[in-house]
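Just one chain is shown here, as structure tokens, and it is the form predicted on its own.
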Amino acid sequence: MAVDGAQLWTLNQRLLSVVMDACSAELAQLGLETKEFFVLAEVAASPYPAELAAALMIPKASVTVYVRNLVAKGFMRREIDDEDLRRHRLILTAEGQAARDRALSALAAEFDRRLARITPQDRTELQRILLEMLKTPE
């Protein structure tokens, strides 16, 4: 039986949306919108606005708005990069780290509830499949 790639993509997107929707109340309690959460979660790995935009696949202008909001909320600060004084490095504050960690915990708990429906072997296989799909084609 052939599996339709578009259908699998749609199912994956639906799962991600359901999990994020289930976490939205917790994110709101933290003072975060969903897309702000993604920025907060990625900033340690991609500390420059252009890198964030590329990593999250969102427009640079949107990153600017989210960063401005997160700075205003005290979750993040901008610092001039010592190696290139024209660039600003984004740094999470202690409050930002705490909000990120709580949001990630909520997300993990909700996703764990979904994963509990499948066997440990299937979870291992799912991880293997996802990692394989994320590899850069040669």
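Predicted model only: the values in this text are computed from it and were never measured. Counting begins at 1, following the sequence as shown.
Although not depicted, the form predicted together with the DNA is the subject of the following passage.
Annotated contact segment (heavy atom within 4.5 Å of the DNA in the predicted complex): 85-93, selected among 109-117, 37-45, 23-31, 85-93. In the predicted complex, the DNA sits within 4.5 Å of a heavy atom belonging to T64.
The closest non-hydrogen atom of A50 lies within 4.5 Å of the DNA in the predicted complex. In the predicted complex, the DNA lies farther than 4.5 Å from every heavy atom of G74.
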